[in-house]
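Presented as structure tokens, the chain that follows is alone, the form predicted on its own.
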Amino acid sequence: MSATSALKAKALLKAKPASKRRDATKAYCQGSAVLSIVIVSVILLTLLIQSLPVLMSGDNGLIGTQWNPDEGQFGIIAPLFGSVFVMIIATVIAFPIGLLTAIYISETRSSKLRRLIKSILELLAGIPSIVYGLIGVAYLNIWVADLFDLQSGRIILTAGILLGIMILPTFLTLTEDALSAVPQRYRENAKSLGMYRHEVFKDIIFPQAKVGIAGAGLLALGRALGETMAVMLVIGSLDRLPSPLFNPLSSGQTITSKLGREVGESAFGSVHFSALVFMSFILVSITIALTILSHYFLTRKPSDV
């Protein structure tokens, strides 16, 4: 065998194990993806099956505002509206602050300082929600009550403020990632044309990063919908619509706070339990939809918009 043939044979022997490793890795990733889809499907199917008793029980006031299990009234409108209202307040608080802070970090600070700030923010995102809830009970609701001259600060506004603080690190870090992902040469080329810094951001950076920013916002909203303990401690947990409807100074209820308070008190298999499961089915469906939509935005290229 010639020296060239020997080298080719040796290279072929080395390539085979590498190819096998790649195939094994690909199979593992595909299996994990399939398993994830199966688990999510089983969860949704289980929730839907457990929701059948309330869906088939006739006149139960499901699409209503009255919640009285003793009289067979299971209106889900009040907690559903409360979830949306709290999420809107959290969005109004967190998104402008997060976007402006992300712009400041990505466009004016050095890479070393950016990494330090992001590390601190990621630590904030990892704090358990119960800790935020206890801080809200001890300080935030008292501050809100004093500010608006209320008897109690356990209202929708307090829950929205607390939730906005909780989702701020998630939105901020993902938004900063989207802005930093815009190639530096775009900034340099724009500045060489005589554009001011705000013009560079408005006309060059933001159009390239807006898809990622939208995905970051949807992912933060998904987390906001799923928070339970913190919201439950500060919202007041009253099964009623605000009066007037968009009054943030009223006590209210969200789906998560409702589930946190009543699941342990309901009998398994009862219509009461089924109504709670149906609300969880709605919550999971919305969260999955937001997650899929955020992934769609985060994986799109700016040129696709």
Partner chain sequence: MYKQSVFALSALILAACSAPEAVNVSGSSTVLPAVSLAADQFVAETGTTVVVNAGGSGSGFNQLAEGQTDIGMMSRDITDSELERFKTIDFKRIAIGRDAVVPTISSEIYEAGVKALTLAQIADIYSGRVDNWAEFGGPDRAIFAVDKEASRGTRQIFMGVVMGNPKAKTPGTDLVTGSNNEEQTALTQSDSGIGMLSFAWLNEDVKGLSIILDNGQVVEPSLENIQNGSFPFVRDLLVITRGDIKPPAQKFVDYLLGPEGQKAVEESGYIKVSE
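Under this definition, the rigid core comprises the largest set of C-alpha atoms superposing within 1.5 Å between the forms. Please read all numbers here as calculations on a predicted model, not as lab measurements. Residue numbers count along the first chain shown, from 1.
Missing here is the form predicted together with the partner chain; even so, the following discussion is about that form.
For a residue to qualify, one of its non-hydrogen atoms must sit within 4.5 Å of the partner chain in the predicted complex; all three of 73, 137 and 142 qualify. Heavy atoms within 4.5 Å of the partner chain in the predicted complex are found in one stretch of 49-57, 256-264, 275-283, 35-43, which is 256-264. Using a 4.5 angstroms threshold between heavy atoms, residue 152 counts as touching the partner chain in the predicted complex. Among residues of the shown chain, residue 246 is not one whose heavy atoms approach the partner chain to within 4.5 Å in the predicted complex.
Contact annotation: residue 66 falls within 4.5 Å of the partner chain in the predicted complex, judged by heavy atom distances. The shortest heavy atom separation between residue 62 and the partner chain in the predicted complex exceeds 4.5 Å.
For the partner-free chain shown, 236, 237, 238, 240, 251 of 235-251 come within 4.5 angstroms of the partner chain in the predicted complex, judged by any non-hydrogen atom.
Relative to the superposed rigid core, the position of the CA of residue 28 differs between this form and the one not shown by 2 Å or more.
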